[in-house]
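As structure tokens, one chain now follows by itself in the form predicted on its own.
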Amino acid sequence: MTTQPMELVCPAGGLPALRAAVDNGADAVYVGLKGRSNARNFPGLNFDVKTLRRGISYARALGVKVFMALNTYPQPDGWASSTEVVDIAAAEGVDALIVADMGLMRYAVDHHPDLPLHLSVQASATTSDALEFYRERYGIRRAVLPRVLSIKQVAQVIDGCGVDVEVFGFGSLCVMVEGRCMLSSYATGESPNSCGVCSPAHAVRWQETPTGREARLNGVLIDTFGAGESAGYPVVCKGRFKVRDQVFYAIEEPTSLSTLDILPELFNLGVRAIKLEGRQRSPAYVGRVTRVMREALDACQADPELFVPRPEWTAALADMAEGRTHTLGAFHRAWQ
């Protein structure tokens, strides 16, 4: 059993969200710069250098780390802007750069050898051999595991490598092979792995029709919502489609991942950090989820053997989950 506490790593899509995370118990926050360099490139989100400095100052005053996400794969015309992000991360003294592209890792190692690197979930590294490759070649200190691994597989990864492991603990559940999804590219012509968002806002359209509110992505009908029905942001993998004369969630239902019930298992395995998804979420959402998970992690780490999730924690997370429901996802898939 590990005695090393798990860090709570929280999303910050802007300065208000960063403050909400810090004020409610985050051990670290992760941020991104404006532009196509990170996987949450929505209008109105993210930091410029000025607000990044303010955020770092606010976090550091309360002993909270700041990680920067540079987790897209740059095309040739975006290489200079991506390496500029590496330079900014080093100059501003972030605690780690979260990166997926090996070329950017090599640039960071060559130009900023003291800049700590974390392997992004977008790299889709799912084996201990893969993590050892990144550690040996680029000095990766931590890896964020994709949300496709069972508990047993997470244990195998941790046992076989010398890299700290971070797993997602709550938030939107990506059901694809992260960093490899082509669904949005097919619908919009823009790759989420290069352009920073799987459903770009400029391609999203809402339309009221006699049959309900339609959500379309670049003209592709993703879903139709009836009167009073909660309408989620349109992403291809969580849309309802007609298959053999039936309309249903053909790939995955909108739901959120929640690890509340298995925090002791993750702790005992030696998971180093629990990451909350949600840089596109409001400061109120970030603050509330951070507070719940802070209380849960503290209780778990104080006595993992007797840890039982409190009903108010479960209710609060369910209230903030997609589709008002949550799942353990691949962690407990019967077929694994």
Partner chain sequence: MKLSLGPLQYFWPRERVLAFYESVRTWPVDIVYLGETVCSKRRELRFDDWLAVGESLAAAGKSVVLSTLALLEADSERLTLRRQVKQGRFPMEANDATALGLLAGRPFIAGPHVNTYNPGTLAELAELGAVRWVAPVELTRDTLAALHEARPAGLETEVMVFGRLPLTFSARCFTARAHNRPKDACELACRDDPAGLPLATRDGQEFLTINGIQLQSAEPVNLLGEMSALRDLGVEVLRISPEPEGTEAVVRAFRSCADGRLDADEAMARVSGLYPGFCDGYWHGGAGMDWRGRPE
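Residue numbers count along the first chain shown, from 1. Remember, predicted model here, so these are calculated numbers, not experimental data. Just so we're on the same page, rigid core means the largest C-alpha set that superposes within 1.5 Å between forms.
The discussion below concerns the form predicted together with its partner chain, not included here.
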Partner-facing stretch of 83-91, 198-206, 67-75, 256-264, counted where any non-hydrogen atom is within 4.5 angstroms of its partner chain in the model of the complex: 67-75
Within 4.5 Å of its partner chain in the model of the complex, all of Asp129, Val148 and Tyr186 (non-hydrogen atom): yes
Contact label in the model of the complex: Asp95 to its partner chain, heavy atom within 4.5 Å: no
Partner proximity in the model of the complex: Val236 to its partner chain, non-hydrogen atom cutoff 4.5 Å: yes
Partner proximity in the model of the complex: Ser172 to its partner chain, non-hydrogen atom cutoff 4.5 Å: no
Non-hydrogen atom contact Cys181 with its partner chain in the model of the complex at 4.5 angstroms: yes
Partner contacts for 227-255, taking its partner chain in the model of the complex and a 4.5 Å heavy atom cut-off: Val236, Arg240, Phe241, Lys242, Val243, Arg244, Val247, Phe248, Tyr249, Ala250, Ile251, Glu252, Glu253
Met102 C-alpha relocation of at least 2 Å between this form and the one not shown, rigid core basis: no
Pro264: Cα shift of 2 Å or greater between this form and the one not shown (core-aligned): no
Rigid core fit then Arg213 CA moved by 2 Å or more between this form and the one not shown: yes
